[in-house]
Ligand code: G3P
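A lone chain, given as structure tokens: the form predicted alone.
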Amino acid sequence: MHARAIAVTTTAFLGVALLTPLSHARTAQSGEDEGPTVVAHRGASAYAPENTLAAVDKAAELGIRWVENDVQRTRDGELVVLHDDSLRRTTDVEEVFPDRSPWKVKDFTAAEIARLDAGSWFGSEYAGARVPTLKQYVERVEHNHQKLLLELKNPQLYPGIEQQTLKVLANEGWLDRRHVAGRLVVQSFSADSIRTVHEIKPAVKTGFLGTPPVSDLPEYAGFTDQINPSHGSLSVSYVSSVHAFTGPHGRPMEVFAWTVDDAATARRIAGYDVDGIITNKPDVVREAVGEEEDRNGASTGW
């Protein structure tokens, strides 16, 4: 949306936002209220080492359909699933490569990272778990019939990661109509990165991680379908304001809140009428909010 158009329409949009009733995003599409979608943060990461295939499998075992992961890039150009830009916290890289401080992902080859133990730090039963490549990760998500909320992590460190990620997804069959219609969201803390994803592949649903001012939402609505803030930054009025805007695919913009791990907070945030809750303990949150996923495709897909 051009700046002049934003200036003309913002006041009108804000008026609508303040008057928008609760349950706007879901009832507008389905005619009935339902609990928010529950997303397993880095897999079921309270119960298995984060971002590993074991965490994906644990989420599947719990019956959780949506999993979230983080993507970064190795020195030789492989996309791997890891949250930190350093390997130090979640692998034994200091032992295997003691002279390679500060152990940044971008300074190691894919083959070197494949040697690392990404499970023992969490528990001895996960000894030998590996850092998966993005290809391996999406293969496992597909095998488990799950859905993917994929975060482009630190895109400023990896120029071109948007195009590369979309290429991997395409090669794995994740950019066909069935996947983009209800099984995939690409998100980032970088608005520029998400805008790039939207420009390269407009069919892909996108999310912005953060809490932009309401006055900026008309601009965001041009390239992102979700505004995904920290739960501590949310209010009923903010969620209602986001729901008042129409995203690039002609649907009300959604709100997925992170990271909520206890029942009381989950119920409070669900009461704000969020569309999704991202959690390390998806079973706890699901029980608290009464998610009814996939009943009509409103919150979990189009």
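Predicted model, so just to flag it, every value in this text is computed and none were measured. Residue positions are given as counts along the sequence shown, with the first one as 1.
Heads up, the form predicted together with this ligand isn't pictured, but that's what we're talking about next.
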Exercise for the section: Considering this ligand in the model of the complex, find the one stretch among 238-246, 262-270, 57-65, 37-45 with heavy atoms no farther than 4.5 Å from it. Expected result: 37-45
Exercise for the section: Scan His198, Lys147, Arg73, Lys153 and let me know which has any heavy atom within 4.5 Å of this ligand in the model of the complex. Expected result: Lys153
Exercise for the section: Answer with one of Phe189, Trp103, Tyr126, Trp174: the residue that has a non-hydrogen atom within 4.5 Å of this ligand in the model of the complex. Expected result: Phe189
Exercise for the section: Using the partner position in the model of the complex, report whether Val185 sits within 4.5 Å of this ligand, counting heavy atoms only. Expected result: no
Problem - is_contact(His83, this ligand) in the model of the complex, heavy atom dist at most 4.5 Å - result: yes
Problem - Interface membership of Val180, this ligand in the model of the complex, 4.5 Å heavy atom rule - result: no
Problem - Contact flag, Val285 vs this ligand in the model of the complex, heavy atom cut 4.5 Å - result: no
Exercise for the section: Residue by residue through 241-264, tell me which have a non-hydrogen atom within 4.5 angstroms of this ligand in the model of the complex. Expected result: Trp258
